[in-house]
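The form predicted on its own is given below as one chain in structure tokens.
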Amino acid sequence: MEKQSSKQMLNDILKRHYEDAQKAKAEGRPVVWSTSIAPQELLEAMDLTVVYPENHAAAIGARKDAPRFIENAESEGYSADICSYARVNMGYANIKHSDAADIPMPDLLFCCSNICYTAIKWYENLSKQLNVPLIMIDCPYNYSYSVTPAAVAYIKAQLLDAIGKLEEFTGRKMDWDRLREVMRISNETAMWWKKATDLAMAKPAPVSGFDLFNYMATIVCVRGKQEGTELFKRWYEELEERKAKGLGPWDNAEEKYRILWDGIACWPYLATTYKILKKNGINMVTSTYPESWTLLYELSDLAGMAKAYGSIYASLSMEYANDRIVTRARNFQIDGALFHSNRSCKGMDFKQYEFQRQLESELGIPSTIFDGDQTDPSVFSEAQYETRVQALVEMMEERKQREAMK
């Protein structure tokens, strides 16, 4: 029997993910809605069925079905300035159907504030609107270079409190052996995710960075499951084979330029943004966003888990973020950077001007910024995007010519 490709595995996993959630609801088993980079290990160990509204909103955005959910949320009084994932999801909580995929209504909400603080009010409002309990893990912003011991202790205490609340919700005690096993699987899955995505350091890269965005849905929803480990190991093996053969990201085009993409994808315009880059021979080899799911920590150690969840890119200082983006630029040998000024992520957007300055001053790497949004299609302009990409090509080409003359 022919071995499944990682892309086939990816599609099967996502299909089962949504089907299993509907089945659980139909059978009277509880369903949890969770933020994307939350300590899913606790939920997995308690054998709870989990779906991720951010994943779901991205799928709705990619199917160009977001506007009606956004309009519904705004008709309820939610501002157009808040995160479009939140608006899509809160609209979905009212409409309860999308052709992209359906998720059942939650019996429990599980929120971790490490990705952004909008999530706190988003989930609090859902809890009130749907009359379901909410477990909140608060991860403080770190003004220091790394997570402080006080923050680790604070987050660990909340993990223990969350375990108690999950025991009360399910009527079962935590199986600590099962939790240790889920922690092991989660680390192994994250390791293979990192190994696969790091192969794009090769020149030419054996993968298009837009595959990172496609595979990212599964690092969100199956990080604690064995099938997640198998998927990313398979993907790594495929990419390693392409690398060994010297194959680039495309069979019908050359990788002329390598860029870093900062920010979430424009899901409604994923094909458009990808095709314009490919037309110009530009491969997005790395991104600051998908790397956030490389959560690695000491096994059987709640303090280690607490530190990992408190170390998410959005929760660490500007100094750390600058060093991280410069290091990635070096490791992936980029020629330029493309910054998505995402209307939904203002906390991330304001850093981009400093990132631009650091890349230029430390490495001489040019960059440009374009306006867009992760799911709201009204913010993106294809003409502006193409013009900015063309400007970036000119700057990258000029830099290459200068380097060649040295």
Partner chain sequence: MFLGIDIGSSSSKTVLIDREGAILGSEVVNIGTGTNGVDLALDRLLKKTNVQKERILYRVVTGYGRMTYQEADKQITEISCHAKGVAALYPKARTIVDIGGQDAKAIQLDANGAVENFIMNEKCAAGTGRFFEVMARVLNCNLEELANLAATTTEYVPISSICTVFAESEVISQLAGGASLAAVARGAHVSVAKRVCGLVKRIRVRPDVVMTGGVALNQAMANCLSQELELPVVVLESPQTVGALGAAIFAKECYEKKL
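Here the structure is a predicted model, which means the values were calculated and not measured. Numbering follows the first chain given and starts at 1.
Absent from the display: the form predicted in complex with the partner chain. The rest refers to it.
Visitor: Based on heavy atom distances of at most 4.5 Å to the partner chain in the predicted bound form, which listed stretch, 348 to 356, 63 to 71, 31 to 39, 48 to 56, is the contact stretch?
Guide: That would be 348 to 356.
Visitor: Hey, in the predicted bound form, is E44 touching the partner chain, heavy atoms inside 4.5 Å?
Guide: Looking in the predicted bound form, residue contacts with the partner chain do not include E44, since no heavy atom lies within 4.5 Å.
Visitor: Can you check whether S367 is within 4.5 Å of the partner chain in the predicted bound form, heavy atom basis?
Guide: The answer is yes: S367 has a heavy atom within 4.5 Å of the partner chain.
Visitor: May I ask you to check whether M395 falls inside a 4.5 Å heavy atom distance of the partner chain in the predicted bound form?
Guide: The answer is yes: M395 has a heavy atom within 4.5 Å of the partner chain.
Visitor: Contact between N11 and the partner chain in the predicted bound form at 4.5 Å, heavy atoms?
Guide: No, N11 sits far enough from the partner chain in the predicted bound form that none of its heavy atoms falls within 4.5 Å.
Visitor: Of 367 to 406, which residues get within 4.5 Å of the partner chain in the predicted bound form if you count heavy atoms?
Guide: Residues within 4.5 Å: S367, T368, D371, S378, V379, F380, S381, A383, Q384, E386, T387, R388, Q390, A391, E394, M395, E398, R399, Q401, R402.
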